[in-house]
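As structure tokens, one chain now follows by itself in the form predicted alone.
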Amino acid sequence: MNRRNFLAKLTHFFSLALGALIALPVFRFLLESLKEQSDSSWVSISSADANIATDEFVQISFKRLVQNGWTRQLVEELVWVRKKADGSFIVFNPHCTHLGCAFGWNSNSKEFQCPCHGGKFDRDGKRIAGPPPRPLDRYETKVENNVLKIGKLMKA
């Protein structure tokens, strides 16, 4: 091996090593983000036997791990939960579909009422009055090992 071939092979080796050093963090970042999406798609919010009366809404707070860029933090969130007669659950996002104000459940009139612009929704989340353009957003739900879990937010 002459000097020219040796330097060419050495240059190729260092080029490959430099490319691997740059590519490894990128692959790790992509793999971690895919793994987190699959693991964190369901969040436990309550026991399925908790104090949730059938056909009444209860506001439940829970903590969700939120990744914002490179930082992760536990964020407390609220949802409205109703246990149906068949034992399944309906879970609503607590923000009005008009401008995102927090709405409340009025147990006397059996409707959700948004205090910002007068939006009203029935117990199934359908719009019955006011400016909201669509029904309430609800989460996918499942009960696993007697724990109520929510998944993706489904916009109507």
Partner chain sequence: MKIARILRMPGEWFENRLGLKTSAQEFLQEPLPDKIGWAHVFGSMLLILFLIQLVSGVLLSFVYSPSPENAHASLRYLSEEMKGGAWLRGIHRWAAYLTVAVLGLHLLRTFVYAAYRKPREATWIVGVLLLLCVLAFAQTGFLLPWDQMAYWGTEVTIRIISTAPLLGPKIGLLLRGGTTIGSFTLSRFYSLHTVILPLITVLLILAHLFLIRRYGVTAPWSNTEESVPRNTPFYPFQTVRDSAAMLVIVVIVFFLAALLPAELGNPADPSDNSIVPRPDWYFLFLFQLLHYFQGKWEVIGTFVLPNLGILLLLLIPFIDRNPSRKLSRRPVAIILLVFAICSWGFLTYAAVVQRPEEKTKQSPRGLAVSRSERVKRPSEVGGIYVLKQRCLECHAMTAAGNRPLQILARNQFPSGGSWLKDHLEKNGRDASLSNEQVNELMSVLQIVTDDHPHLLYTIPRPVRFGAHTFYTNFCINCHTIDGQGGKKGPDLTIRPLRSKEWHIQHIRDPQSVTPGSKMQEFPDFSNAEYSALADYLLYLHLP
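All values reported here derive from a predicted model rather than from experimental measurement. Residue numbers count along the first chain shown, from 1. Definition used throughout: the rigid core is the maximal C-alpha set that superposes within 1.5 Å between two forms.
Quick note: we don't show the form predicted in complex with the partner chain, though the next part is all about it.
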At the 4.5 Å heavy atom threshold, is Q67 in contact with the partner chain in the model of the complex?
yes
Contact flag, A53 vs the partner chain in the model of the complex, heavy atom cut 4.5 Å
no
Would E111 show up as a contact with the partner chain in the model of the complex if we use heavy atoms at 4.5 Å?
no
Is it the case that F29, even though its partner is missing from this view, gets within 4.5 Å of the partner chain in the model of the complex, heavy atoms only?
yes
Taking the rigid core as the reference frame, tell me whether N145 has a CA displacement of 2 angstroms or more between this form and the one not shown.
no
Examine K9 after superposing the rigid core and state whether its CA is displaced by 2 Å or more between this form and the one not shown.
yes
Align on the rigid core first; then say whether the Cα of F62 has moved by at least 2 Å between this form and the one not shown.
no
